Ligand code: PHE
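Only one chain is shown below, in structure tokens, and it's the form predicted on its own.
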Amino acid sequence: MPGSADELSYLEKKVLQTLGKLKKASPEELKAAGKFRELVEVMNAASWLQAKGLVTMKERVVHSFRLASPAAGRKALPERKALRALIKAHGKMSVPKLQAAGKFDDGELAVALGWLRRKGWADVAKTPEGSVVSVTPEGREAAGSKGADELLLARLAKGELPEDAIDPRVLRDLKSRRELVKERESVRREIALTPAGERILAAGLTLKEDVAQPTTELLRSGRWRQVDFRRYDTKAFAPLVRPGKRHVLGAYIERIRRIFLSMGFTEIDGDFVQSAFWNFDALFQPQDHPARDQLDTFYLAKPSTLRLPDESTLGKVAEAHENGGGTGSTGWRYKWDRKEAERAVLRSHTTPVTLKWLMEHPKPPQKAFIIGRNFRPDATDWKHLPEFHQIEGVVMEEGANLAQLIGTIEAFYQRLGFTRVKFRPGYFPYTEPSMEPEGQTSDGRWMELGGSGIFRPEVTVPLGIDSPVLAWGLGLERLVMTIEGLSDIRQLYLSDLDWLRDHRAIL
């Protein structure tokens, strides 16, 4: 807390002086009374004074009300229209005649009758001929003057009113009606002197121009004698500056992309919508596999089918399914269904894009990667989302083998920051042999990194690929969860601004 006025800036002194006259005021009132140029001058000075214990700044939520539309202030209320029609008809009418006279639709008629009875302006009685509405003495008396709600509407027609300027009972009645008034919330700030602020003010304040540092003009002119040089407090509060940076997921995608590119890989991409042929059949996944069920795959209605590749490729894939197609396999030994392969799906993994690219680039050596979104109808929970990213890399080369796959994967994950990588046998429908790599993070934790293996001949031979293809992939979100120590995958998509601002930049 400052002990004297010397430690206050020009604007801080000016706010204190103005508060000395007003005692307590809103920032807007201070701006007007102190003749500040901008409201931000008041707010900045008041914030520093509050940090120094010289003023208090309290906030409260203020509710105000206005007409929902200009027409709401011009139109008569339904019960007022009904009362006029009843008075004109000598105080009594049947309900159908009242509806016709007031040109009410059924909804407006119900509102008019309800408020006539609620205000005591009319009674509704059932007779053998039907319901009849009769004006009461209170209704005849009200015919010559506006009610409290109508007077309030007239006031609101002139402008917005704060809640404390309105009768609560009248306001409650108007709020119960549809589309008459609208409510607005705002924050009102009130700034007041503390005892410490009053002491400094009582000791006397002299307002002089505040200068941060001397200039040549200031020294030559001698004007430095008429100004105050601002004192700097190295221990004073300063706002934390958070630089702009990529979203955490985007930063990891960019980091992984740089790793692949530095290893000589080509980046590829493809459509989200694929035929079941490319998503399943070309990967030697049988047509009765559980993953092809509607509970595990998004099937499209428009389009419901997609065009298949040329008949030669189609025939070779069908033969691989039915009898192995000369690959040395016996296949799945069932009758392959073309219509099932034509079905349009949202891709459930990125491998369809990889396979198409390999078929279009069958001459080795080839190295490619893809980082892309995929879709599965998984129930959302702490580790599942219906939309997720997959990272996939492939190497096609003469003589490629399991040792080369292990070495490539180790090099990739070490560049990603894992200290050690180990492998255990695994099973995947379209690779043989298959492995599941695990990586150790810098803090000693081990995590599963996805799947890997060598594409089976039943996958590559029908597509005209003669060389071995090494492949591996992992889920981006789960990788980030493990590295970041998150317990819920949804945190990556919740737009938690504090977490995003405070997060370190990922290089």
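In this text, the rigid core denotes the largest set of C-alpha atoms whose superposition between the two forms falls within 1.5 Å. Keep in mind that this is a model prediction, so the values were computed, not measured. Sequential numbering from 1, following the sequence displayed.
Omitted here: the form predicted together with phenylalanine. The next part is about that form.
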Since only the chain is shown here, I'm wondering whether Phe375 would be in contact with phenylalanine in the predicted bound form (any heavy atom pair within 4.5 Å). no
Check Gly453 for me: does it contact phenylalanine in the predicted bound form (non-hydrogen atoms, 4.5 angstroms)? yes
So in the predicted bound form, does Ala471 come within 4.5 Å of phenylalanine, heavy atom to heavy atom? yes
Does any part of Gln274 reach within 4.5 Å of phenylalanine in the predicted bound form? Heavy atoms only, please. no
Looking at Thr297, Thr327, Gln366, Gln390, which is the one with a non-hydrogen atom within 4.5 Å of phenylalanine in the predicted bound form? Gln390
Please identify the residue among Phe428, Tyr413, Trp115, Phe260 with any heavy atom within 4.5 Å of phenylalanine in the predicted bound form. Phe428
In the predicted bound form, which of 309-317, 136-144, 118-126, 390-398 comes within 4.5 Å of phenylalanine (heavy atoms)? 390-398
Using a 4.5 Å cut-off on any heavy atom, which residues of 324-351 would contact phenylalanine in the predicted bound form? His349, Thr351
Superposing on the rigid core, does the Cα of Val469 end up 2 Å or more away between this form and the one not shown? no
Core-aligned C-alpha movement of Leu449 between this form and the one not shown reaching 2 Å: yes
Answer yes if the Cα of Pro352 shifts by 2 angstroms or more between this form and the one not shown on a rigid-core superposition, and no otherwise. no
